[in-house]
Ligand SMILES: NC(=O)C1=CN([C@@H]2O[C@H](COP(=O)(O)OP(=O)(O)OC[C@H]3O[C@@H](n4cnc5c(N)ncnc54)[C@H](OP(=O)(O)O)[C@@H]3O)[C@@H](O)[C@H]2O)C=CC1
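Starting off, we have a lone chain in the form predicted on its own, written out as structure tokens.
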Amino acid sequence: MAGKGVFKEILDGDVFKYYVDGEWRRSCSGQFINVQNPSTRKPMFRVQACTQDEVNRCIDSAKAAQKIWARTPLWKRAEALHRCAAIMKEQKAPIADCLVKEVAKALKDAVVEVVRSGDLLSYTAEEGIRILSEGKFLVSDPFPGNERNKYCLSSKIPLGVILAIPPFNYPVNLAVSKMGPALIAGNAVVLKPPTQGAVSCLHMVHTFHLAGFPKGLISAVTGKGADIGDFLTMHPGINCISFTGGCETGIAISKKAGMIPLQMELGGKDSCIILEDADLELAATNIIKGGFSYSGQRCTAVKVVLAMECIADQLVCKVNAKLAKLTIGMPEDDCDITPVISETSANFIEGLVHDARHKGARLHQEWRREGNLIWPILIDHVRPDMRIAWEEPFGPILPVIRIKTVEEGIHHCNANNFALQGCIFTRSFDKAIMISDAMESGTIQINSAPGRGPDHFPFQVKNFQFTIFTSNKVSKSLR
């Protein structure tokens, strides 16, 4: 279904084009990049390997188009987003098919990703009208030493050209979460898709093309990181970078980007604290949901369970019973556990498991791997000297650390280098609030698995707020 029907113009032979100036084009490099199918570990698609000159053209076109777009009435920008949302949901099947084939997402989850992305665009349009239509009016006399003889009117203006870099695990949804707010606020967007997820992103971008967005306002450039990665992030024509991905890459971007605004989400070792008064059935259900959905390849996945020793045996028993019911196989079959994104990722996960087993942890399931497909494992009696206690696996393995006190659990959570979200299971609201205040994580869920959605909820620094893509314009009156 990829590159067929309304999407046929994005495909040239067996290579997908890149998008610039409102057109789908071949790169003058004559080179391409293979996109592997994680299930077969064989090339599935090919995309253009764009050059730095082509990146320059994308950014030049974006800057010119953005000046006009910024003067486009807000209601017209919102209308365009609504049109795109409708087309995206109408074309959910071919876009979801790409997600299945290049990131091994179960078909039902792939369809949900596309539909929620369309819904997010519609929400963005409505919220944009509400937020961006408001300004602030201030007078001078509340500040000591001033008379009521000055007035200030502030409003929000676009930043300019936004570089959007989404990750492989939610390439459509996390691209849309960057593009929608940027566009409604009057910015242009240059999208650099991940290699795994690039074809899904290109199909998604075509829905913006079909919706009639102005030429040059949106570009999608594919290419080798060594050729265009640093060139993009250090380009003087970029006014803001929105990146979701690995910590090392995020840190490298932040060092090279200079003074421009950055919006980043770099993963997390999300802790799940289970108290002695918790509803263990509820906790087990959410541990399975939080730890193993999309094979654990989620930045908000439960990455470590910190269970009070007195209830740990009961909890582990319940989790194991639910774990045994998960289906393992190919994404086309809508299995719960599907292949992880790459052989490199699978090797890393295997290394974490072998390290824990060698150091005395108990594996409640046998280690089993076929290619990139890893059978889910609950790793019990994990200690702080094991890598799995601290490193983010991004796979279907979950460590359990048994704790004697709540303070011990809080300490482990806060000792991590990064913590995007966390969760607490207890019947005591007072305890939940006190512990959540002490946990140094961006978002804490109470009696629920971590999760980014609903998409309009704040997401640590990745807030669904338009202010990350605007600056304040202040007009001062004369005396």
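Numbers for residues come from their place in the sequence shown, where the first is 1. In this text the structure is predicted, and so the values were computed from the model without any measurement.
Below: the form predicted in complex with the named molecule, not depicted.
Engineer: Examine Cys50 and determine whether its closest non-hydrogen atom to the named molecule in the predicted bound form is within 4.5 angstroms.
Structural biologist: No, no contact at 4.5 Å.
Engineer: Answer for Glu408 alone: is it within 4.5 Å of the named molecule in the predicted bound form, judged on heavy atom distances?
Structural biologist: It does not: once the named molecule is placed as it appears in the predicted bound form, Glu408 has no heavy atom within 4.5 Å of it.
Engineer: Any chance Gly246 has a heavy atom within 4.5 Å of the named molecule in the predicted bound form?
Structural biologist: Flag for Gly246 set to yes.
Engineer: Would Asp380 count as touching the named molecule in the predicted bound form under a 4.5 Å heavy atom rule?
Structural biologist: Answer no; every heavy atom of Asp380 is more than 4.5 Å from the named molecule in the predicted bound form.
Engineer: Judged by heavy atoms and a 4.5 Å cut-off, are Glu102, Phe292 and Glu391 together in contact with the named molecule in the predicted bound form?
Structural biologist: Spot residues vs the named molecule: no contact at all.
Engineer: Sort through Pro376, Gly267, Gly216, Pro94 and report the residue having a heavy atom within 4.5 Å of the named molecule in the predicted bound form.
Structural biologist: Of Pro376, Gly267, Gly216, Pro94, the residue with a heavy atom within 4.5 Å of the named molecule in the predicted bound form is Gly267.
Engineer: Which of Gly212, Gly371, Gly237, Gly225 has a heavy atom within 4.5 Å of the named molecule in the predicted bound form?
Structural biologist: Exactly one residue meets the criterion: Gly225.
Engineer: For the chain shown here without its partner, which stretch in 274-282, 399-407, 248-256, 142-150 has non-hydrogen atoms within 4.5 angstroms of the named molecule in the predicted bound form?
Structural biologist: Every other range fails; the passing one is 248-256.
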